[in-house]
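Just the one chain here, laid out as structure tokens, in the form predicted alone.
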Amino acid sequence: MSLDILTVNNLDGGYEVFIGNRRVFVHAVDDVSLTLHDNEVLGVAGESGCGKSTLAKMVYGGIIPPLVVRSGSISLVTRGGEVLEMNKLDIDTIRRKIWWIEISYIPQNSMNVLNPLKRIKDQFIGVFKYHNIEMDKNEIIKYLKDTLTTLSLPPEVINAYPHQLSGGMRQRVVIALSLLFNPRIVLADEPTTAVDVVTQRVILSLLKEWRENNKSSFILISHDMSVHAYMDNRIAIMYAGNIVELGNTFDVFREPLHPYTKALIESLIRKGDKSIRKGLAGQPPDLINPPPGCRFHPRCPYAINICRAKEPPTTSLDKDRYVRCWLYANPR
């Protein structure tokens, strides 16, 4: 039986922003629960604006205003077996004790997060200093070269400035930074979104090999279902702040249950299939003022009256297979 090393329970939050003189709440994550097993890849899929990146920031502990967590809990089991309530830790403890060591984060557009005024080696050395890791400078340089080689980067990259590297190389440098201390969990937020398809395949293959060698766990966030098909053990489908389906990746692709998941799977191009693909009608809901009932019902071809009035419960259909839809519940 797999150990749950990260547990998210009923997580609720979003962004408190001002529109004119009016303070409003953008409800980006609504009652989300999930677990991450030891040595697995859990994918989080959904269209842009569904709350995937916000969920990642909450799990990582990067709660910086206007982002707020209103309720729920996030429990992390460390390598030493200690259970930490992430939402109860102060930010300094999270930074020193959790980041890079237990959980690491590959942000969106990560190739642009490097300091353009510093050589690559100085940016890596800064991480060692931040975590008070005592190593001789020559040992650090050797360790850095070995880390970069793992991601198929030439050792001389350490002496370069970011602008001297291609986009794909900068992307891999940031990934190397995230993997520097062999974290137990890696949150990868669209790690290949800004690179060409050839570089994308290279990066995903390197990440997959690194994870298998280090027996780490990934939460992989992407709107690209083909990336999930290649990388994931399990997949969670997110729509308008809700997890609407979760299960084994093969099972979800073979037999999608939620109408939104079906639409995502049907959008994929299949070899030999020349039929015209149809997009999903309508637009995602306004997260400031979401519709009543199921948030997907305005776009759902199967919507019934209860869908428009009540939020659907999460129904367990099998081990690790869940769906949030009235079609699989027993309305009362």
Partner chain sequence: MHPLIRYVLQRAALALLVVWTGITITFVLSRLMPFNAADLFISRLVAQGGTLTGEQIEAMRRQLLELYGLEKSIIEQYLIFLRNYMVTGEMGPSFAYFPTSVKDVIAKALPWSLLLLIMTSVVSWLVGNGIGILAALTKHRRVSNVLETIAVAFQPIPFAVLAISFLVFYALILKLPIPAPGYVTTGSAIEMLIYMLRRAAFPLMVLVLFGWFGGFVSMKAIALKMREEDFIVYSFLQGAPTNSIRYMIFRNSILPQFTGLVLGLSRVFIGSLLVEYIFNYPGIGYILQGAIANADYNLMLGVLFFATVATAVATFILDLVYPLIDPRIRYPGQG
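Positions refer to the first chain, counted from 1. Please read all numbers here as calculations on a predicted model, not as lab measurements.
Note that the form predicted together with its partner chain isn't included here; everything after this is about it.
S.K.: Indicate whether its partner chain has at least one heavy atom within 4.5 Å of a heavy atom of G81 in the predicted complex.
M.R.: Output for G81 is no: heavy atoms all beyond 4.5 Å of its partner chain.
S.K.: According to a 4.5 angstroms non-hydrogen atom cut-off, is G62 in contact with its partner chain in the predicted complex?
M.R.: Yes, G62 sits close enough to its partner chain in the predicted complex that at least one of its heavy atoms falls within 4.5 Å.
S.K.: Using a 4.5 Å heavy atom cut-off, state whether V127 contacts its partner chain in the predicted complex.
M.R.: Output for V127 is yes: heavy atoms within 4.5 Å of its partner chain.
S.K.: Is P256 one of the residues lying within 4.5 Å of its partner chain in the predicted complex, judged by heavy atom distances?
M.R.: P256: no contact with its partner chain in the predicted complex.
S.K.: Which residue, N182, T193, N112, N248, is the contact with its partner chain in the predicted complex, using a 4.5 Å heavy atom cutoff?
M.R.: Answer to the contact question: N112.
S.K.: Pick from L177, A240, M169, I203: which has a non-hydrogen atom within 4.5 Å of its partner chain in the predicted complex?
M.R.: Checked against the cut-off, the match is L177.
S.K.: Quick check: do P107, H131 and Y161 each get a heavy atom within 4.5 Å of its partner chain in the predicted complex?
M.R.: Yes, the whole candidate spot contacts its partner chain.
S.K.: Name the stretch, out of 144-152, 72-80, 216-224, 99-107, where some heavy atom lies within 4.5 Å of its partner chain in the predicted complex.
M.R.: Partner-contacting stretch among the options: 99-107.
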